[in-house]
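Only one chain is shown below, in structure tokens, and it's the form predicted alone.
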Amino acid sequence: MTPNSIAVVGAAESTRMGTVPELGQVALHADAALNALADCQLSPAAIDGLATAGHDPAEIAHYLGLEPAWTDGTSVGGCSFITHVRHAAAAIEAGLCSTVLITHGESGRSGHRTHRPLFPSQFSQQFEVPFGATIPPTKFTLPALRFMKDCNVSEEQLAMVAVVQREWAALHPRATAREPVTVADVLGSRMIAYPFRKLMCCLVSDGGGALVLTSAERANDFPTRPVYVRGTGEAVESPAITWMEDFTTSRAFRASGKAAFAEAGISHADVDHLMIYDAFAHVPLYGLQDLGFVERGEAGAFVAEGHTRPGGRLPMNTNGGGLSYMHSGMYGMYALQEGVRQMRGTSPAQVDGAEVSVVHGVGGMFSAAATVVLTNVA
């Protein structure tokens, strides 16, 4: 992809998030999609490309009355929508379509859905589930404990990830959890699966989000401030977390991040804003190290010292993340939404003067990763 050749011109979340029992999964997709189209003043008839994950694209297209010339149903977990930005950019640049709608909707709390993401894998069902590694908190424990031991992360530092992100969530009126918490609060919350306490685990929410992408040449035809896609990357590693190459680092994180930075032609010093998918409190620490923002063994102290909190030198997860903002099950769309808001200058937790945002996501239990570099500078 040519840097800055594609722009996000529409972006919106579902009208309500959190607990939305009256809407099923398809309706959450549609609600977010119509909001994103209204954001950039487009009708559904203008869409000729569609991407979604965890749901049949044909059903979404039918429900919205779309006849797309290009579709993408790539579903690799929560980072799928970040991957879709990359695929949509390539499709537009190749002339396969001109205007792509990326949708997400998930009834994670209310359970009104007929489709689920394609997890767990057959390998995980055969070699992990019989031994008690069944749900994400029980699967992430092994790498998290090895990471804490080898990368000098204390339980207090792990808890600080949740504390700092709650500070950001307090600035967002739409965030689910906005009350301040302390390290003691986090460590005193109910144990889920060691070392994860309840406040170290993501929320379970209903909601949706959608993006509209088109060529940069058309970006000024829309009422919204264009956000340009400067660089992208994607990668996969292992379908089972116990088969990771190294429990203390994600090969997929490293590969997708390296590709995105290289394509964007940026250095870490150029990054003003960072979103790292945080299904659990340890994942942003992996991201900080594997994307190269800090050296190995420095991530825990980096967060604990306040560098990612409001006023810090690397604002991270400024919506509060999956721990405090919302987490419908596949969170990547909401990380993208906040990246777009920051580049538009419309976030309730706006970073002054931000020109480059990096959005990075995980899929499954470190089985996939995707990275997008966004900018407001053409």
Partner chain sequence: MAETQQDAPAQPLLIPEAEDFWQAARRGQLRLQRCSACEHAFFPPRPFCPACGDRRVENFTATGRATLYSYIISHIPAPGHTPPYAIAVVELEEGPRMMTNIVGCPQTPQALRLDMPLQVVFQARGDMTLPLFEPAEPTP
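Residue numbers count along the first chain shown, from 1. What you see is a predicted model; the values in this text were computed from it and never measured.
What comes next is about the form predicted in complex with its partner chain, which does not appear here.
| Does P143 reach its partner chain in the predicted complex, with heavy atoms at most 4.5 Å apart? | Answer yes; at least one heavy atom of P143 falls within 4.5 Å of its partner chain in the predicted complex.
| field | Contact flag, A304 vs its partner chain in the predicted complex, heavy atom cut 4.5 Å | value | No, A304 sits far enough from its partner chain in the predicted complex that none of its heavy atoms falls within 4.5 Å.
| message | Since only the chain is shown here, I'm wondering whether G188 would be in contact with its partner chain in the predicted complex (any heavy atom pair within 4.5 Å). | response | No.
| field | Contact flag, E128 vs its partner chain in the predicted complex, heavy atom cut 4.5 Å | value | Taking the distances in the predicted complex, the answer for E128 is yes, it comes within 4.5 Å of its partner chain.
| Since the chain is shown here on its own, which stretch among 80-88, 172-180, 221-229, 234-242 would lie within 4.5 Å of its partner chain in the predicted complex, judged by heavy atoms? | Looking at the partner contacts, the answer comes out as 234-242.
| Contact residue in the predicted complex, from G265, G132, G111, G95 (heavy atom within 4.5 Å of its partner chain) | Exactly one residue meets the criterion: G132.
| query | Only one of N152, T74, T71, T138 has a non-hydrogen atom within 4.5 angstroms of its partner chain in the predicted complex; which is it? | reply | None of the other options qualify; the answer is T138.
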